[in-house]
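There is one chain below, alone, in structure tokens, taken in the form predicted on its own.
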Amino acid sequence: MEVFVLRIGHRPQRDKRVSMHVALTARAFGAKGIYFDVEDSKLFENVKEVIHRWGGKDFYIGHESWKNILQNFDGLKVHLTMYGVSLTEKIDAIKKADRLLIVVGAEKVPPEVYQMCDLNIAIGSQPHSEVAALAVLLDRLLEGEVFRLSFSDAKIRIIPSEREKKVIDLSGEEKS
């Protein structure tokens, strides 16, 4: 399954940290790319730096009108909103899609988004982070791929450890 994320309503001065985390979560949990409806060259550079160091050169990041993306995306369009239908009711239907666009808002999402998306999905019915919602959906959808995902072009990797930070670079040297 090819999964993409659309971040709607990114405000560069206010949302840069959360939007960065949305992009990093999309990449780390197995999405193929992320679209923003606003260009933020600094944010895009920061994501590309992570990709350069940690791998995933095929991960796409760019900007385009959200309306254009929703109108032209060939696949299932899922909007994450706490006002939607529970993920548990629709996860099987979502898994059947070949291509998926997950829409994540930064500010109040225009009402049109609810109509243009195929599904409006809730991860619980309480206020919480869009980063958490995206992570839960991707984990359920890709069935834990985050725990198996490895990028062959990574320049550094973490070695799992219970008590210390272990990072190796391509030459195999440990860093603490």
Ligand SMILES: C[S@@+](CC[C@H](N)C(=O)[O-])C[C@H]1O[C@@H](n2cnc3c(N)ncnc32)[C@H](O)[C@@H]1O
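For clarity, every value in this text was computed on a predicted model and none was experimentally measured. Numbers for residues come from their place in the sequence shown, where the first is 1.
As for the form predicted together with the ligand, it is not shown, yet the points below apply to it.
*Asks:* Work out which of the listed stretches, 31-39, 103-111, 144-152, 66-74, brings a heavy atom within 4.5 angstroms of the ligand in the model of the complex.
*Replies:* Among the candidates, contact is made by 103-111.
*Asks:* Work out which of Ile123, Ile51, Cys117, Leu43 lies within 4.5 Å of the ligand in the model of the complex, going by heavy atoms.
*Replies:* In short, Ile123.
*Asks:* In the model of the complex, is there a heavy atom of the ligand that lies within 4.5 Å of any heavy atom of Pro127, even though the partner is absent here?
*Replies:* Pro127: yes, in contact with the ligand in the model of the complex.
*Asks:* Even though the ligand is not shown here, does Ile91 get within 4.5 Å of it in the model of the complex, heavy atoms only?
*Replies:* No.
*Asks:* Would Ala133 count as a contact of the ligand in the model of the complex, using a 4.5 angstroms cut-off between non-hydrogen atoms?
*Replies:* Contact check for Ala133: yes, within 4.5 Å of the ligand in the model of the complex.
*Asks:* Between 57-86 and the ligand in the model of the complex, list the residues on our side with a heavy atom within 4.5 Å.
*Replies:* Sequence-ordered list: Leu80, Thr81, Met82, Tyr83.
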